[in-house]
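Okay, here we've got a single chain as structure tokens, the form predicted on its own, with questions on binding and movement later.
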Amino acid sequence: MGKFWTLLFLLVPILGVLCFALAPGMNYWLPEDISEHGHQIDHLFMFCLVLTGVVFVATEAVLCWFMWKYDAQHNKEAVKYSHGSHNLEVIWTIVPAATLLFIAIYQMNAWADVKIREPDMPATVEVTGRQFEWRIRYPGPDGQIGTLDDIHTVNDLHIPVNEQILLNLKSMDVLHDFFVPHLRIKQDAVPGNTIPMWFTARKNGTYDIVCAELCGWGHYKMKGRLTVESAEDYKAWLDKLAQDQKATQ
């Protein structure tokens, strides 16, 4: 019976590696990257995945080897306890700490590009999360957000392709999380704070916007759509939105 459990446990790393190996080919993987900086995020993801995957497989292999070698049914020798090895404890403390430090340094440039080096430009759009929708506001003819000529919409974010976007993120009530998987951007919306996000979309299309933070009973329906389009189409859409809004005033 002990050998059975050893083989059963051995299936965990084998099936786990197979799942990760086959998933991209079966289209069960990350969504298409359409952003300028997405390759950096994907690279860090794959780096951490491979690193932790190797450690996982190695520890599972050692575990199964011990289960097989010291199976109670075939090993009648009495158990011997020891006080462990001080040197081994030092090693398996230093190695993970050094690995985490390396990862922290390795990802600094990617972090700075998407979180620190804010572009010097006026905000393109403001997105405010509230239970349970995304309220979106564009600057009007004066080019400033927060004035009477602002253009409003809900859950329908449009941006021009191949242009840098500066988005100011807010929350009107509770903690939300603005997540656009295809752009590789994900940011908490914190009540009382205005948080800038910047990115450049490289491909036209329509993509999902979701809230990645449980924000209440209607969290599941807090979703929007991102439309990436040519500059001409973007301007035409914004002009029509402004006209429709003016007609209702």
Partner chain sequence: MSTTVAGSHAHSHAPSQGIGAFLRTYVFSLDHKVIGIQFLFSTLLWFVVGGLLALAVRWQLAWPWSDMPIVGRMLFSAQGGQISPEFYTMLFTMHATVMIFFVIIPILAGAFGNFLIPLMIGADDMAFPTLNMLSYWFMWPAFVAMTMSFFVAGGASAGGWTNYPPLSTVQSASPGSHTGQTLWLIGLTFVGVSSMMGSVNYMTTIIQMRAPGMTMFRLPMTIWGMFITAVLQAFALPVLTAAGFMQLCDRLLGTGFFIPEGLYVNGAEAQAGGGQPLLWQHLFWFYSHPAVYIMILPAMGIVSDILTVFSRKPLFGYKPMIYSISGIAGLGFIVWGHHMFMSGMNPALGMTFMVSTMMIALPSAIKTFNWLGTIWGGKITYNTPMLFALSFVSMFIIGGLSGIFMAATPVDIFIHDTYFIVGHIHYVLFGGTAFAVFGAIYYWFPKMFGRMMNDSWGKAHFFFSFIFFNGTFFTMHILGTGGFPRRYADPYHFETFKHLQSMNQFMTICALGMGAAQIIFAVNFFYSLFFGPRCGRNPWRANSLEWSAPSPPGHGNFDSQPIVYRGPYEYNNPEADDDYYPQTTPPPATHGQSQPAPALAH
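Note that the structure is predicted; figures quoted are calculated from it, not measured. Numbering follows the first chain given and starts at 1.
One more form of this protein, predicted together with the partner chain, exists but is not displayed; see below.
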property: Proximity to the partner chain in the predicted bound form (heavy atom, within 4.5 Å), stretch among 140-148, 74-82, 154-162, 119-127; result: 74-82
property: Distance check, Tyr234 to the partner chain in the predicted bound form, heavy atom within 4.5 Å; result: no
property: Non-hydrogen atom contact Gln245 with the partner chain in the predicted bound form at 4.5 angstroms; result: no
property: Touches the partner chain in the predicted bound form: His219 (any heavy atom, 4.5 Å); result: yes
property: Partner contact for Val12 in the predicted bound form: the partner chain, 4.5 angstroms, heavy atom; result: yes
property: Neighbours of the partner chain in the predicted bound form among 49-67 [non-hydrogen atom within 4.5 angstroms]; result: Leu49, Thr52, Val55, Phe56, Thr59, Glu60, Val62, Leu63, Phe66, Met67
